[in-house]
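First comes one chain, alone, set out as structure tokens in the form predicted on its own.
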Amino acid sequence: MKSTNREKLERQGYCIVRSLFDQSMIEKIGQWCDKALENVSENHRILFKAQGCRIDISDYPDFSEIIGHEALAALFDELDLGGHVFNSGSIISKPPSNPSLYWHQDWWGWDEPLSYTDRIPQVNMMIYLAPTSPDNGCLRVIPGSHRQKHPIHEIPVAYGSLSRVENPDHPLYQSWEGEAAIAVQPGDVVVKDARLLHSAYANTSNQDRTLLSLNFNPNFSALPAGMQARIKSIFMRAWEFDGASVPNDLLMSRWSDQQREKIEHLFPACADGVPPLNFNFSPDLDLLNGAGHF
């Protein structure tokens, strides 16, 4: 029998798990995030103005404790998303007076027919460190858009320009009919199907809004070989998209034994020599019918 959260994840494209982590764990994650945020350059802030900043946690081995945390493992079991691997994670922090994040979805595998089925190819675990609301830049989503066409899908996404907020009047920064604001408390986790259209409101408060974003691929061993190869390349920070390569800095596979052994069972492993699935962040709208249309 499916859990209530699993049913919501399938129907809405997301679910909210309240108080998954206690205050002590949230404080610990906050300390790790603060340490990483000290290293954010002004140029990074310019390139990721819409997000606030986006820091790859591969450079910070302390996060092994949360990636492999027993509470997350139990949540994967509850959601029937076992056999999962980890592919990437980021610290996302919107500073005060920061603009809206543009509407988008995170899934890159639309060339693979599996992406148009009810199979969940990737989930994003968003762990919040402070209360959120529309005033301080909380998440907003279009429920059901992981499986249904929406007018937002028809608007081209120029990621670089939108991240830099070169045109604040662009429709992808605006509110849309049917959007839902996701307000949470510290310790809450939003589980999001990577195909779900989402954004974030502007942070009009006087405090940072920080979260930890972790990406996992359930039932990895049953995914097509090309998709497995792409997931491994993301994990190894060995990919290029839209002309922008990811710096191959610290790899989790090279973390110290103490840190690596906590999460090594979550590392993606697949056959060598298989060409990775091409990146495609744009679904075929004729195939994206799922439960119907908006």
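From 1 onward, residues are counted along the sequence shown. Everything numeric in this text was worked out from a predicted model, so none of it was measured.
The form predicted together with a small molecule is left out here; the points below concern that form.
Interface membership of His104, defined by any non-hydrogen atom within 4.5 Å of the small molecule in the model of the complex, is confirmed. The small molecule in the model of the complex comes within 4.5 Å of no heavy atom belonging to Leu172. Contact annotation: Tyr128 falls within 4.5 Å of the small molecule in the model of the complex, judged by heavy atom distances. For Gln51, a non-hydrogen atom is located within 4.5 Å of the small molecule in the model of the complex, even though that partner is not displayed. Annotated contacts: Val85, Arg237 and Leu266 are all free of the small molecule in the model of the complex [non-hydrogen atom within 4.5 angstroms]. Considering the small molecule in the model of the complex, the lone stretch of 112 to 120, 183 to 191, 150 to 158, 208 to 216 in range is 208 to 216 [heavy atom distance within 4.5 Å]. Among the residues Ile92, Leu162, Ala202, Leu75, the one placing a heavy atom within 4.5 Å of the small molecule in the model of the complex is Ile92.
Contact with the small molecule in the model of the complex, defined as a heavy atom within 4.5 Å, holds for exactly one of Leu223, Leu139, Leu197, Leu79, namely Leu139.
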